[in-house]
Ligand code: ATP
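Below, in structure tokens: the form predicted on its own, a single chain.
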């Protein structure tokens, strides 16, 4: 009998992010290409009779009760007597779905551990009630997301050329996703991502085409609020990034680099300018 499951909960970045409208209930409609990366949290799930739901967070000071989306994921499955230990590696409040991917790992891990028999589609339906990014985190890989993020279409995996890497930099800039979307309504951006072109570049395995089409409409709101994001993008491009972009509503910036040497040069400059110490190398992850 299985008594423990350990899952790697991948972070995500947005290769494109467009806002196409707004529903009557206030939710924004999006069109975006989402990509899992190797950076992730470790989620360990154990059967522990008599404990109820016990959540333990390592490497951070996040709540360990119903205020944590991972805890609510276990509740959604009506699971009791389980201990969930999450070792955080994904920066918190970074625009990289750190909470959503932990919740997804709990849904997947508990489904396996307790032999609940939910299909991926059923888990995605449960996950959507927890957060719009949870269904993507359940499926992972490279996806076109539409609606409020729940309509997912699998795309060919995004791969890097030999020696290429992704550089992540997360500045200490407090970003409220709700505030960013509210302010976007007043901005009404006229320049939108070429999502169709991005999808075609992925289908053709065209790394250069992908790098050239990185775009996120939320930058028009978040960067003026936190200029450090724009400065990090500028440094990445100066150091040879083939493309750089803010992920989600921010503040994390990622750059695509054809060589690790160039990425490390950017990493050094970002730290030397004291823009952030949270600078990491990673690569795309598939499913």
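For clarity, every value in this text was computed on a predicted model and none was experimentally measured. Residue numbers count along the first chain shown, from 1.
The same protein also exists as the form predicted in complex with the ligand; that form is not shown, yet it is the one meant from here on.
93 is the sole member of 126, 144, 113, 93 with a non-hydrogen atom within 4.5 Å of the ligand in the predicted bound form.
The partner is absent here; in the predicted bound form, the one residue of 153, 159, 75, 177 having a heavy atom within 4.5 Å of the ligand is 177. With the ligand left out of view, the stretch that reaches within 4.5 Å of it through heavy atoms in the predicted bound form is, among 60-68, 44-52, 257-265, 220-228, 60-68. Among residues of the shown chain, residue 183 is not one whose heavy atoms approach the ligand to within 4.5 Å in the predicted bound form. Remark: residue 88 counts among the residues lining the ligand in the predicted bound form, judged by a heavy atom distance of 4.5 Å or less. Remark: residue 135 does not count among the residues lining the ligand in the predicted bound form, judged by a heavy atom distance of 4.5 Å or less. Shown alone here, residue 99 lies within 4.5 Å of the ligand in the predicted bound form, counting heavy atoms only. Contacts to the ligand in the predicted bound form (heavy atom within 4.5 Å) from stretch 134-159: none.
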